[in-house]
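Taking the form predicted on its own, here's one chain by itself in structure tokens.
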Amino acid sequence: MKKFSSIAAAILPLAFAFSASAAEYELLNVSYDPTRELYQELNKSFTAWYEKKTGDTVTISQSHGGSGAQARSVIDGSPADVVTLALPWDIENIQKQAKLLPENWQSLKPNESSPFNSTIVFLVRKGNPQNIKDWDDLAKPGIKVITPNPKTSGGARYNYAGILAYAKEKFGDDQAKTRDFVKAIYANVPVLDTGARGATNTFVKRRIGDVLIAWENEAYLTVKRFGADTFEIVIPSVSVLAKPPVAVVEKNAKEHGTEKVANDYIDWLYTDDAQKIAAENFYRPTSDTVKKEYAEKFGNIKLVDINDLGGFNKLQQEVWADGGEFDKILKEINASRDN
């Protein structure tokens, strides 16, 4: 009995010290539209891993919406510890307008702060009744194309970039033909939702449109959820390489006392465990090991880097900014509909 008591006497202070040092953290991850399911799984796995490693508990809350609108919410005061948005421009806006993270944020993590890659594909109804095979088909008269608004949605900007990637292949540097091609496709868009998930709901639940231009993961998730007897995926000949970036909102995290756990969270997204979860949710892993393991899961497609199309900054200023090329195209389309 004395032996037991001596052992207990030795263990209890250690146990007390461990429990006393354990901490509880709350993180807010402000993300874009189609990542709900992905981060539900990632967060569950991370919090279990982190508690096992450190003894600390982490509760992660999520916010979702169009990427541009989500960036604006952080600029306007949303207390995000972490942002996981659709495109670098949105995080760059947070940096420039609110100074909540350092100028070199994109160089702080691997792969330009993008743990997973993606691209843009087409979702059509079973049997592909309109025989849609490539971007050309989206410009044909009578085809109803569903895509969100590139002024509010990061996914929509990638959709637009996908159109430009194909146009560059077909028309080279002929800007007039490229513009006519873009205009022909958007003339076929009956409704511009504010975010990618809203566009998916328009196509899937409201049954509007012949084809949805979608994130690859969103298209595969829709087929998985509703069945291959309802929808099909069409892989275009060329599309855009999407590298959705992540970042710690440094100023907020410091104020919340979460800077270390927020960085641990972002770093964990690059681990093989997280990469496998991403691949299972139809995001393209960047880990060489996991990439090889899931190579057959994704369609073979030629991917064009956004920088080969001028880069996001140039496209934002010239195409998607207020009064830019996209606004001019929409004005022309609306004028022709009114006549």
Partner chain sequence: MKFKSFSVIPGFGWTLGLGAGYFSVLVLLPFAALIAYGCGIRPSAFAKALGDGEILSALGLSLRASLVAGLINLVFGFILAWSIERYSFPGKRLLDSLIDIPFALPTAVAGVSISFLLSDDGYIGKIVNSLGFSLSGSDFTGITFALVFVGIPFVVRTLQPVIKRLDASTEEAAEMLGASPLQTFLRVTLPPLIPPALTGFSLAFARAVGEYGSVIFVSSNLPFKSQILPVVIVGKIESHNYDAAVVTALIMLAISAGILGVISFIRKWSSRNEKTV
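Nothing here was measured: the structure is a model prediction, and the numbers come from that model. Residue numbers count along the first chain shown, from 1.
The same protein also exists as the form predicted together with its partner chain; that form is not shown, yet it is the one meant from here on.
- Taking H256, R72, K170, K140 one by one, only a single residue has any non-hydrogen atom within 4.5 Å of its partner chain in the model of the complex, and it is R72.
- With the partner omitted from this view, the residue of Q106, N128, S78, N93 that lies near its partner chain in the model of the complex is N93 [heavy atom within 4.5 Å].
- Considering its partner chain in the model of the complex, the lone stretch of 171-179, 233-241, 197-205, 116-124 in range is 197-205 [heavy atom distance within 4.5 Å].
- Under a 4.5 angstroms non-hydrogen atom cutoff, its partner chain in the model of the complex lacks K183 among its neighbouring residues.
- Heavy atoms of V189 reach within 4.5 Å of its partner chain in the model of the complex, making it an interface residue.
- Among residues of the shown chain, W89 is one whose heavy atoms approach its partner chain to within 4.5 Å in the model of the complex.
- Heavy atoms of D322 reach within 4.5 Å of its partner chain in the model of the complex, making it an interface residue.
- Residues of 322-337 lying near its partner chain in the model of the complex, listed in sequence order, are D322, D327, L330, K331, N334, R337, the criterion being any heavy atom within 4.5 Å.
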